[in-house]
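In the block that follows, a single chain appears as structure tokens, in the form predicted on its own.
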């Protein structure tokens, strides 16, 4: 979908709380109707402020936000027809589940008969119809979050916004809710904008991810592209685990470049945002792409180091390796009988396919 046809559009939006510092700077972003877009970034990166401006709880200092083609920056939050889910659930403790869901409909003057129908439908959507008469204190964290989600959906909003909605849940329940929300999105086809600082959550749930850093979008892409082809060193280091090897560019063309390390070792990698000969660069390679005893062929980087640690993770073993100029590196080796693991202190041959590494500007 062309950017100008986006269902949600930020056009050159900036937000400052004082004259000197922009929390969000010159943000232009388009979200397609029915898309699940995640705003991902560390604390202070601007992702939550951007969501709050879309929700109507903050106003842009500059620029405009459009929803379905209409500017909304001066439209009050309660008139934007947007559902909101918070990390804290924000359920009324003195109300039952049914009363919590009915509340936004009563505010909108929906009839009692229609309210009853919509409450029943919403609870059916999140599979909690049997809990309609319980108070929030009688629910588990996951059940409370599903009630909060049902309340956000009940008045059939044009878009649903979620601000760190799973942050208060334990790991197992959080992963379960990720899949539930994703399945619900696919079933309903509603536009969702989701904020998180959890990279795994963003990669698991999203159609596209906007990675925020220093008030700007560093990269906007589908999860696989973000992980496999980060646009810069910030994205490479923030998305998933990463080995970063420092050196200088000694050759570059459109597809491949060569990076020289301090001991004159040459690494071949895909060309990222590095531009010129002699530039400081970082070779980024994922731990699961590092192999032990790599084959001897022209497309494979081969290095020798020493095993400094072995860490058992169930489905894989983390092999920590020290190399004289590449520094400490990690290889994730599948936990399979076919692999002969080194012992701590052993010399190890390791490497990766050149196409599995990317050369990026140092930051």
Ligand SMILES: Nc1ncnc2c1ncn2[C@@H]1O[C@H](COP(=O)(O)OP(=O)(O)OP(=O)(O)O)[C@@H](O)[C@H]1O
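Every value quoted in this text rests on a predicted model; they were computed, and no experiment measured them. Residue numbers count along the first chain shown, from 1.
From this point on, the text means the form predicted together with this ligand, which you will not see here.
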query	finding
Residue contact check: residue 30 to this ligand in the predicted bound form, 4.5 Å heavy atom	no
Interface membership of residue 260, this ligand in the predicted bound form, 4.5 Å heavy atom rule	no
Any non-hydrogen atom of residue 49 within 4.5 angstroms of this ligand in the predicted bound form	yes
Partner proximity in the predicted bound form: residue 43 to this ligand, non-hydrogen atom cutoff 4.5 Å	yes
One residue of 252, 185, 174, 197 in contact with this ligand, assessed in the predicted bound form (non-hydrogen atom, 4.5 angstroms)	197
Partner-proximal stretch of 322-330, 62-70, 307-315, 35-43 relative to this ligand in the predicted bound form, 4.5 angstroms, heavy atom	35-43
Residues of 136-167 having any heavy atom within 4.5 Å of this ligand in the predicted bound form, listed in sequence order	164
